[in-house]
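Only one chain is shown below, in structure tokens, and it's the form predicted alone.
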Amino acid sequence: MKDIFEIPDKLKKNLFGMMGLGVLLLAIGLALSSIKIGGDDHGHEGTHEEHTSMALADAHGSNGALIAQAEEGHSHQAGEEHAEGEHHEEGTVVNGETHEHTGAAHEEAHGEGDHESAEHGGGHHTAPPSMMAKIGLSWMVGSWYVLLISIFGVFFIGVKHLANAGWYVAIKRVLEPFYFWIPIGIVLLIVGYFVFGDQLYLWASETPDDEIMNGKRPFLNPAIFVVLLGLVGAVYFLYGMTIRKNSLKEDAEGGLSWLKKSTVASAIFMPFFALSFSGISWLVVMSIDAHWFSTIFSVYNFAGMFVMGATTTALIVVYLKEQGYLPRVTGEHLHDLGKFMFAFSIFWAYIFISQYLLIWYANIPEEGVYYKERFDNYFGLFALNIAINFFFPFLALMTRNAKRQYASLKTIGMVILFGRFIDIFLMFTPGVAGEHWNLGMLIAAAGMVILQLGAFLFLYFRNLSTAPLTVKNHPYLEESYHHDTGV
């Protein structure tokens, strides 16, 4: 029985080829980024300074003209005062009146600018994104996509320990190496913020006139970004390492002590996970749309994470089965993984429609702008997102055989992973590019996802080969071997 995974040369070539394809798509996408399929930017790319200037101009409306007139009047009056000193006092009064009028006009124009800002997402994407913004967008989409998959591994094992579940033990060793990518994914997000943050996040720039941003400064700032993500990466990695160490010790020594230690560690980890995953979802993704917020946004990301993780796990199990590994893993285990893919696709759709209906029913402009942007400028992708992430898995995974057959699981799984990319792209891009998105940006983001996914899988299979695929001495091992879904 094959129990130690050996990385085939073909798999290595395929993974390196996958990374090469990702680099190629990234380069092609950036080269094609001048092709427009939404909005009208006339092929113009602006620097961040130009974006900021245009955003301020839009936000304040005619303030620039009013201020210029005030300054001109002030200069003219100063000249009169210099020539006719006897009119200085009168000039001061006139200046005071002029200045007071200008201040009132400024407040009125600023109020109109604030309303316009709310309608158009805070003026963050008035101008087309710069090349740095496009690279940064691809970087963050790819990093978040792959990090979610790696986080799924530690979450799923933690939940199963607390639930005292036995069915998954036969595939437990498949899930354990997911955590190796977590520190890499966290570092990629932090690097992405420091290199591209001022191109992607409105709050990363100085916005002295933005009351909403100033109110969020205690949470949205570089220190919190680094500390929170660093803490999350460290704790998640430490928990994953603890679970794997205890699992290998259990193989060697047997007994219940290592299972109990893992259960205690899981009981400590899961509450931290609930809070911290919400925090990084808000910080990394939701704050892209700086003036918008949703109370269930982190749950929305969690649902997507679970679908991605269950799908990736199922595809890996199918691959290992085809290579002659995991002989005790049966169609029952695949059926359960397929049910998770099916159920959490429905759960994702439930959270999607719940978030949408709450915002639609409340009819608050500050929240409605999130969907207005996506309806107006991304409707094709918006509809595709719902079709691939809900209707397709709902129909394709409804039958029993679809969850058990290798061919159907592989086909459905690949489509679902593509759908998850579309969903994450739609979470990031409108807040950065607005109506100025283009096909090249979509291709470039896909290339970055493929590049990082190839690197993740290479690291995953390397670490998978360091321990037997079959766990030993686990008290629920026989239960897992005889698992029956009963339907």
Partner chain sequence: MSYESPIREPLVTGGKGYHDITEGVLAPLEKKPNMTWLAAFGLSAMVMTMGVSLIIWTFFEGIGAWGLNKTIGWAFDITNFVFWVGIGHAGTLISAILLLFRQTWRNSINRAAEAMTIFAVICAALFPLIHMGRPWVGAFWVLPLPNTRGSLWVNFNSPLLWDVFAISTYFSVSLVFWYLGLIPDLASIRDRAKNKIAKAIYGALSMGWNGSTRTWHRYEIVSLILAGLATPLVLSVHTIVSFDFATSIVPGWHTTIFPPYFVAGAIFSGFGMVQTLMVVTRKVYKLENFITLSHMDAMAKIVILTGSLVGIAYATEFFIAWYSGNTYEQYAFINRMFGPYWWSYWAMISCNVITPQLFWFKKVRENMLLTFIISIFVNIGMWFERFVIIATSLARDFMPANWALYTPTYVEVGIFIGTFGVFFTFFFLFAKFLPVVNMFEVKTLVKDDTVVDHGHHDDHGDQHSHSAEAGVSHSH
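On a predicted model such as this, the values are computed, not experimentally measured, just so you know. Residue numbers count along the first chain shown, from 1.
Form predicted in complex with its partner chain: not shown, discussed below.
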Check: Which listed residue (359, 248, 204, 190) meets the criterion of a heavy atom within 4.5 Å of its partner chain in the predicted bound form?
Finding: 359
Next item on the list: Could you tell me which one of 286, 318, 132, 235 places a heavy atom within 4.5 Å of its partner chain in the predicted bound form?
Entry: 286
Next item on the list: Indicate whether the candidate residues 330, 408 and 414 are all in contact with its partner chain in the predicted bound form, with contact defined as any heavy atom within 4.5 Å.
Entry: no
Notebook entry, point to check: Where does its partner chain sit in the predicted bound form: which of 346-354, 174-182, 376-384, 138-146, heavy atoms within 4.5 Å?
Noted result: 346-354
Notebook entry, point to check: At the 4.5 Å heavy atom threshold, is residue 196 in contact with its partner chain in the predicted bound form?
Noted result: no
Check: Is residue 324 a contact residue for its partner chain in the predicted bound form, using a 4.5 Å heavy atom cut-off?
Finding: no
Next item on the list: Verify the contact flag for residue 267: yes if a non-hydrogen atom of it lies within 4.5 Å of a non-hydrogen atom of its partner chain in the predicted bound form, no if not.
Entry: yes
Next item on the list: Answer yes if any heavy atom of residue 215 is within 4.5 Å of a heavy atom of its partner chain in the predicted bound form; otherwise answer no.
Entry: yes
Checklist line | Sequence-ordered residues of 460-483 touching its partner chain in the predicted bound form, heavy atom within 4.5 Å | finding: 475, 476, 478, 479, 482
